[in-house]
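Encoded as structure tokens, the following chain is the form predicted alone, with no partner shown.
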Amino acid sequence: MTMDIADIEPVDRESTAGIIAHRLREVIMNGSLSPGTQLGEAELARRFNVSRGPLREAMQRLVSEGLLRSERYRGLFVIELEPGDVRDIYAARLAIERAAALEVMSGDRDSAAAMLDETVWAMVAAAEDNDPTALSDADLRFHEVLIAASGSKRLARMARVLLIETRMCLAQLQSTYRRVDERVAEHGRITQAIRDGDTPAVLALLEDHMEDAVQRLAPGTTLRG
């Protein structure tokens, strides 16, 4: 049986629920809604100037993504990342980014390094402007570019939700650095190792980068054993 596509109407714009979900996702990611915050339907409906129907649909999307948790009789809360969650996020990221890096190293390394350089310079500019939000955005962009440079759509899809959770971690991570140039330098070293074609160094630097983040966010927790 063939499908009659004539009956399918085009989608002209994102739904109201989709727009609300996007905006809530952003404020959770950047830390404006901190972990453990309870979401009040009435207040959010007033702020968004919408009815509770699309708001509830949007919040349920975030529940399914793991960014909100539902407590019976109490409501919805922004998730709080426990040490085990942090380790799990970074262990999964390491697996994906190692696979992406191996693909990059067998492809056009110079092009990938040039794109990564742009994100590192964005981090430098954010650090000079003392803009922690822009710094975290550029940090996240570095890893998105690395994965995209692999050319693997599946790795990119697998990373998407992880990078949302990572952005939550970055909002907390920025306060753990005494000097922001340390954070910039970590990414610069990864980029240079890619440009140099040093695969063992790239993989080791990625692992060190993830391990360092885990220990900063969840002291006493480690990726290694």
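Residues carry their position along the shown sequence, with the first being 1. Predicted, not measured: the structure shown is a model, and the values here were computed from it. For clarity, a rigid core is taken as the largest C-alpha set superposing within 1.5 Å between two forms.
This next part talks about the form predicted together with a further copy of the same chain, which is not shown.
Every residue of the trio Ser15, Glu103 and Lys153 has some heavy atom no more than 4.5 Å from a further copy of the same chain in the predicted complex. Residue-level contacts in the predicted complex: of Val63, Val50, Val27, Ala185, one residue has a heavy atom within 4.5 Å of a further copy of the same chain, and it is Val63. Listed residues Ala148, Ala126, Ala113, Ile96 were compared with a further copy of the same chain in the predicted complex; Ile96 is the one with a heavy atom within 4.5 Å. Proximity of Arg157 to a further copy of the same chain in the predicted complex: non-hydrogen atoms within 4.5 Å are present.
The shortest heavy atom separation between Asp181 and a further copy of the same chain in the predicted complex exceeds 4.5 Å.
Taking the partner from the other structure, a further copy of the same chain in the predicted complex has no heavy atom within 4.5 Å of any heavy atom of Asp137. Remark: Arg56 counts among the residues lining a further copy of the same chain in the predicted complex, judged by a heavy atom distance of 4.5 Å or less. Contact annotation for 80-109: residues with any non-hydrogen atom within 4.5 angstroms of a further copy of the same chain in the predicted complex are Leu81, Asp85, Arg87, Asp88, Ile89, Ala91, Ala92, Ala95, Ile96, Arg98, Ala99, Glu103, Ser106, listed in sequence order. After superposing the rigid core, the C-alpha of Arg216 moves by less than 2 Å between this form and the one not shown.
Annotation: Cα of Glu128 displaced by less than 2 Å between this form and the one not shown, core superposition. Once you line up the core between this form and the one not shown, the Cα of Leu206 stays within less than 2 Å of where it was.
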